[in-house]
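Read the single chain below, which is given as structure tokens and is the form predicted alone.
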């Protein structure tokens, strides 16, 4: 397993192809290094006794001890530990773990590439196993890239006025393919070793060129990572805190005639399997959300409870009601993830697959409540998080006494502790990372809400409930309806 220093050293050696603030930058740029904070934590905590059991696993192909973020789930326990690990690291870093996207996609490819081989006699699963061995041996970080720009939303991929609105094959060679297009919403792609690509949707018979899945180094010629940064509010060093390390870089990832060698391809034209691969990734990622979103909920409710205590309102009825509501949201989502793991099944490849219903119900509940959680935090903290003076004013010799005096609340709590608590609330409620990214990702991450509804309704046996109602109403249930 790598150290965080080795991870950063590996990034430094990669070809500069990140575009940020109007310039092309290398991966040793301070903004890239800062954004990688959560990823670095997945390396630095592996030897910490508190995290080691969650962050490490035994490879099913080599028998070696590996980072769990490179592991293919083999059991219910693997899914449970992945979920708990995600929640715990969210609390430690104060935001998104980020590394889950890649391993969720690896698990999806593991099961579906095997199924494709069984149906078509291809060798995609063997390609995947070779890549997995390399991936685990080098403790790599992958960015999952699924969502295409989609152009005209009323048109299918093959009907687009601009065919590049969906990533697709533009040339087929004996040794591989050339692809063109763009994947968007790629969290942490600028500081990933590899990019993993899967289809974004079900493909039709005439959309063979769009049914493509592969892995490719993130600095490959023809790849452009057009980035957007989001960080917690900067502070003076004297007032630094763990939350100030939180942030990320999102990428619009352009593929301008990029060559993909055959050995890196996991799906290539089998249109009937494109949708299965897309949905399988979404399933794994929604299960990860049942750890991630409770982890974010822990941060929100903890901040609300802390400030309620400092303001001496923690016993007020409306505050207790809001805290109970926050707890209920977090733990119901987490419970759904546990149920999804316990009710999971094993794919033909041996990969453990979360239960569709419980994973999607948990993710749906989280998405529907994310703005409500922030609203309750806002209600408890009041307006100060939006107007609190910055750390330069807090430390200014001429006016610091005023800032310290007027941010202090309950007697017995120091001015600095009060200030730090409200600055944390400010980061959560007004910061570009904790507010904007958390809230939008809370709704759309892992797929937009309508896709969760489709997954739930498509997998749920609603007819059985109708039969219960018919029985209780005295309506005959016909034999063909007893399925």
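Just so it is clear, the structure is predicted and the values come from calculations on it, not from any experiment. Positions refer to the first chain, counted from 1.
Not on display, but discussed next: the form predicted together with a small molecule.
Q: Report yes if all three of 150, 185 and 447 come within 4.5 Å of the small molecule in the predicted bound form by some heavy atom, otherwise no.
A: Result yes, every residue of the spot touches the small molecule.
Q) Among 72 to 80, 137 to 145, 173 to 181, 236 to 244, which stretch has residues with heavy atoms no more than 4.5 Å from the small molecule in the predicted bound form? A) Among the candidates, contact is made by 137 to 145.
Q. Which residue among 213, 192, 101, 366 has a heavy atom within 4.5 angstroms of the small molecule in the predicted bound form?
A. Flagged contact: 101.
Q: Could you work out which of 441, 455, 41, 418 is the residue within 4.5 angstroms of the small molecule in the predicted bound form, going by heavy atoms?
A: Flagged contact: 441.
Q. In the predicted bound form, does residue 250 have a heavy atom within 4.5 Å of the small molecule?
A. Yes.
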